[in-house]
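Given next are two forms of a protein chain, the same chain in both, each as structure tokens and marked structure 1 or structure 2.
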Structure 1
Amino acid sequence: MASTTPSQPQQINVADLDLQQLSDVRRQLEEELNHLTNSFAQLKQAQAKFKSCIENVGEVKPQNKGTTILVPLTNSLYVPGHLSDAENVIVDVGTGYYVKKSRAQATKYYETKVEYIRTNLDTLQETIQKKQENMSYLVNVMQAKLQQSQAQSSKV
């Protein structure tokens, strides 16, 4: 009995598969590409949100102390408020937790988040590119097999 390593996926030459199996692989690749593309778009949105937060923190200045501002409660609901502390801001650190930070600390926090997302976007972009190359190769193999089967059926 041969031993196989469970951590290593088995590699199969797609040229050895029949058209039905190739079609199944293509559908699976399309689903993966769709999921990865959606994830990429969501990460881009999150990155834009953090960049917006950096700009918003930059707008909190000592000379604006005591001015009336609109405080966001949700994405579409704002209430009027007064800026009483222009040196510190409240930062949403996730899962319902908020932390008081200085403007510089908040800016650094959001810049770190933007950079982290950028590295994830780069990695995800490489993965999407590889999947697209795999899809292109798979489509070429499928077309070659279709032409081969049509040539054989026309000889009969």
Structure 2
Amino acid sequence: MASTTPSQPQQINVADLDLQQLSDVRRQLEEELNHLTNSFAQLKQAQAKFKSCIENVGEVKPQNKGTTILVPLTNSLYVPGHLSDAENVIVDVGTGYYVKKSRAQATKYYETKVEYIRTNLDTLQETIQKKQENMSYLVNVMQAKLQQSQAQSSKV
């Protein structure tokens, strides 16, 4: 039975591989799957962070301008104060650049980021699924082979 593994760089005939090679391939697939799942989790984390940034920007509203807030100066030092600028926030856009944006701009910026991560997550999800299918297919073939070889050795 000639069956080829889907979506591999070279078309290998899985049935041709012996058990040892099959288990190698399986281990490789498992590693890739782990790696992908980790990346997925990290992306989800980053997305959650950006979502919370959107909320934070929402807090910097003009009506809060006069209220007393505790301003963090370091990890453990807070000083009472109040918002001086309720229209602009400063956003870290990476590689050491900080941009002063208006609240609306900042919200838009974060929402774009969230959207971008969402599309990445979707693609990643698909890839993970495909890999999982590959893996289960491979396991099936392995089991079939095992049975085959057992049947043969019992005949002998």
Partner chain sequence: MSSKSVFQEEKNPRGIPKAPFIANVEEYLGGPDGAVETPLKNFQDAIAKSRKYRYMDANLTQRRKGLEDKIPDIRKTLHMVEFLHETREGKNKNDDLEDDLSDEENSDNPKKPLITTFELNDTLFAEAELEDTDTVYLWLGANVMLSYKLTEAASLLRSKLDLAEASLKATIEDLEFLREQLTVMEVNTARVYNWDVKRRRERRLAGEVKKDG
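So that the term is clear: the rigid core is the largest set of C-alpha atoms that superpose within 1.5 Å between two forms. All residue numbers here follow the sequence of structure 1, with the first residue given the number 1. This one's a predicted model, so the numbers in the text were calculated from it and none came from an experiment.
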- Out of structure 1 and structure 2, where do we see the form predicted together with the partner chain? 2
- Task: Keeping the rigid core fixed, work out how far the Cα of H82 travels between structures 1 and 2, to one decimal in Å.
- Result: 3.4
